[in-house]
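A single chain, nothing else alongside it, follows as structure tokens in the form predicted alone.
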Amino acid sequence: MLVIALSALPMSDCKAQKTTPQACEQTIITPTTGRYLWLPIQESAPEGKVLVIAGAKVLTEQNVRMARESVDYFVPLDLKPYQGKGVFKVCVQNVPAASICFSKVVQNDNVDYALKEEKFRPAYHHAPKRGWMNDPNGMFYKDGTWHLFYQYNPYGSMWGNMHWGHATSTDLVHWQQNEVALEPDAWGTMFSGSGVVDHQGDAGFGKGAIIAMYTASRPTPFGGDVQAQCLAFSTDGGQSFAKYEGNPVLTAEEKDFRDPKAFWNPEIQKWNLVLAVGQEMRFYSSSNLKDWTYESSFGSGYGCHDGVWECPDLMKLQVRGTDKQKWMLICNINPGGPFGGSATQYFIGEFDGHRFTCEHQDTRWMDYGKDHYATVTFDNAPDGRHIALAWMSNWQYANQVPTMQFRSANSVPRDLDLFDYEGQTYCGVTPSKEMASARVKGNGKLSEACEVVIDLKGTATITLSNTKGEQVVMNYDAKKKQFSMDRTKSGLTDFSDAFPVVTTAPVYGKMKQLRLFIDHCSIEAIDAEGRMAMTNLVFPNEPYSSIKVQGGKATIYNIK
């Protein structure tokens, strides 16, 4: 049985401190047996503080929307790190003593306690069981396993308490959720970054060690955040990480100074680093992943500058059908997307290990949907592949989408390359081959988790609909070389004025085949030849059960 005790400052002290009585209250929970302390959450409640304290030391401190009047769902406070290390207690602050959460809190060993089934949970896109997820980060491949890390709030389905979540896969389709990889520390919460396989042991942690480079972000008493770049390392293939004692390894005065993408550059026999700083990208070099030399900056006069630049990536890619290779810089931006909010832009050019030179000045988007952001690639992918994942949401409404116990999923994996069209070079985006291997034979009818392959004869209209009259209409105009998707009548749309929209994309050439990846809350439309991609969330009240194609023929595959 849990022991719960309340303590509070006298009312006079609260008034003297110019705060509300509930802000003076704290409730002490003394855990007994069981790995998980299940915290009841009410999303409409203001945030309180949950601390684990041993003696006079705070072991962890999280912002949690503890349930006041009703319980929406439960999240686990994992007590394993503190058990067997002496007496510790859980302290809940700034939550009224009469709140319902204190009569509902439970402790047990059941990792799936009170886990609800949700109709919008994706069937074949990665999503956490519980909690909030945004940017994919730290991704790498090693010894037959793909490692995906991601921005994660284990204590609620809204942004906050940034950790690195961790999932693994052997086929890029089936994902296993692992324990949290990185937790907030004295330097701050765990913002985005990258992971690399240090084959030669340059960082000093052994050959083949995994080095995670991330931004630690800590709020200041004067407003804003202090952001610094830090390292963590793994000697067990990425299953667990230790923080580098010499952190931070890179600091700056700028407010927006984050999202380090490190990679080995064989052309200069050094490590390179791309870092997002305000509305520019900065490039660094290093021999040991710890000591970084500033090389140059890129951004002024190129691309879209309507928002903050974030989550960079830089890679050398083959141009299809040629012996040419060029460099591509990925720059995610928020806001400034082609239809509002966050999106992924890219730049084609040359990089000599010191300076990036762009060959065009127009803005180019990797995906023309509303829900494709924070796109980055896996390090050390086999066969020279560059495989990207994106976060399927948009900062305009990410906290408001109609899911509750979890929020957000990743896109299907996509291979990146380059292609030439009318004298210009563009980014090619093709569904990774692993998605085709996930197909299973169906009954030829539309299902809520499937891939639809449409062979096009020219201009075409594709309509997905259900018995409630909800629909998504897609049009391909062969003459205008344009593709559009209308989700204004797709189902639930009233949670945000920015959600009901028609998105439109250019198609560079003639589109012969369209691949649609349909899941419980998303549609990804991708040209089979990789010259157009569009990702949009949808929240139908019941699954789309009908597909009509004018100007083409559809083949439906279930995905398992």
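Note that residue numbering follows the sequence shown and begins at 1. Please read all numbers here as calculations on a predicted model, not as lab measurements.
Omitted here: the form predicted in complex with a small molecule. The next part is about that form.
**Q** Quick one: find which of 238-246, 191-199, 427-435, 205-213 has residues within 4.5 Å of the small molecule in the predicted bound form by heavy atom distance.
**A** Looking at the other structure, the answer is 191-199.
**Q** Among the candidate residues E183, E310, D415, D78, which is the single one with a non-hydrogen atom no more than 4.5 Å from the small molecule in the predicted bound form?
**A** Comparing distances to the small molecule in the predicted bound form, the residue within 4.5 Å is E310.
**Q** I need to confirm a contact call. Of F419, Y82, Y302, W395, which residue comes within 4.5 Å of the small molecule in the predicted bound form, counting heavy atoms only?
**A** By the 4.5 Å criterion, the partner-contacting residue is W395.
**Q** Does the 4.5 Å heavy atom contact test between D367 and the small molecule in the predicted bound form come out positive?
**A** D367: no, not in contact with the small molecule in the predicted bound form.
**Q** Taking the shortest heavy atom distance, is D259 within 4.5 Å of the small molecule in the predicted bound form?
**A** Flag for D259 set to yes.
**Q** Whether S490 contacts the small molecule in the predicted bound form should be assessed with a 4.5 Å heavy atom distance threshold; does it?
**A** S490: no, not in contact with the small molecule in the predicted bound form.
**Q** Could you confirm whether N134 comes within 4.5 Å of the small molecule in the predicted bound form, counting heavy atoms only?
**A** Yes, N134 sits close enough to the small molecule in the predicted bound form that at least one of its heavy atoms falls within 4.5 Å.
**Q** Every residue in M474, S484 and Y544 with a non-hydrogen atom within 4.5 Å of the small molecule in the predicted bound form?
**A** No.
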